[in-house]
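In the block that follows, a single chain appears as structure tokens, in the form predicted on its own.
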């Protein structure tokens, strides 16, 4: 089995300090959660990050790994890591923690490739004071924000989810961060459960919806496109809370004055 690499301790970096990286978009964002894909690029462009997207990237191999196909999974991972290396870039930023956890391994470390989740980039912007752009953003209303901590981000990529979410939300005026009960409990989407055992998936999600409702939140940050899909669907069909689940980059994008009107309704 492949050993996971722990997250290194890094100092706060500005957008310029990050240098060039490959944005790995995975499968779910480009194919199903296209709004989050748009807002990811929108936010990175707004803060003038130097990034590239590899058109010939493939699935990271995580779904195959969880279906028992370890050899095929490793082949997928190595294909993508080799692409990044050939591009002359030594950093990958993934908007999907499942992809990030799959890529952030000993193989990547041996190739001197550093793998991060997008929320770590946003966290650095918050710590460096760059995230809130008053002159470019519309007035932010009073909103209660809670967060679901995706399994592969909190456990797989070993990211301090609570600290990061509190810092990002705290960077904006009029936003109140509320920690929900069982914030790191699975939403029921991953591990093939949503695909193969829908009723079990919905039962797991029901508990997550109850925790969200208890916070009275208007926005649920889900820093994983698959978790976003699962939770937002449940909020629309099985909850009267009126809350919406969106990625952190979508929340930030909505604050900008020039974001498209349709995206602003995400």
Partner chain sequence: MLGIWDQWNLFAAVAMILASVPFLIMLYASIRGHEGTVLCMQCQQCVAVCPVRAAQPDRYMGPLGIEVTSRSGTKERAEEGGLFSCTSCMSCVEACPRGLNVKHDMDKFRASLAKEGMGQMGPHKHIIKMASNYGNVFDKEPVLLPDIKEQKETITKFLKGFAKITKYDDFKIGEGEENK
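Numbering follows the first chain given and starts at 1. Since we're looking at a predicted model, the values are computed, not measured.
The next section is about a form of this same protein that is not shown, the form predicted in complex with the partner chain.
Asks: With a cut-off of 4.5 Å between heavy atoms, is residue 20 one of the residues that contacts the partner chain in the predicted complex?
Replies: Residue 20 lies outside the contact set for the partner chain.
Asks: Does any heavy atom of residue 186 come within 4.5 Å of a heavy atom of the partner chain in the predicted complex?
Replies: Taking the distances in the predicted complex, the answer for residue 186 is yes, it comes within 4.5 Å of the partner chain.
Asks: Taking heavy atoms and a 4.5 Å cut-off, does residue 65 contact the partner chain in the predicted complex?
Replies: Close contact exists here: in the predicted complex, residue 65 approaches the partner chain to within 4.5 Å, heavy atoms only.
Asks: Classify residue 206 as contacting or not contacting the partner chain in the predicted complex by the rule of any non-hydrogen atom within 4.5 angstroms, answering yes or no.
Replies: It does not: once the partner chain is placed as it appears in the predicted complex, residue 206 has no heavy atom within 4.5 Å of it.
Asks: Every residue in 121, 128 and 234 with a non-hydrogen atom within 4.5 Å of the partner chain in the predicted complex?
Replies: Looking in the predicted complex, the three residues 121, 128 and 234 all stay beyond 4.5 Å of the partner chain (heavy atoms).
Asks: Select, from the options 191 to 199, 104 to 112, 161 to 169, 81 to 89, the stretch whose residues sit within 4.5 angstroms of the partner chain in the predicted complex by heavy atom distance.
Replies: Selected range: 191 to 199.
Asks: Can you tell me which residues in 134 to 152 come within 4.5 angstroms of the partner chain in the predicted complex, by heavy atoms?
Replies: In sequence order, 138, 139, 140, 141, 142, 143, 151, 152 come within 4.5 Å of the partner.
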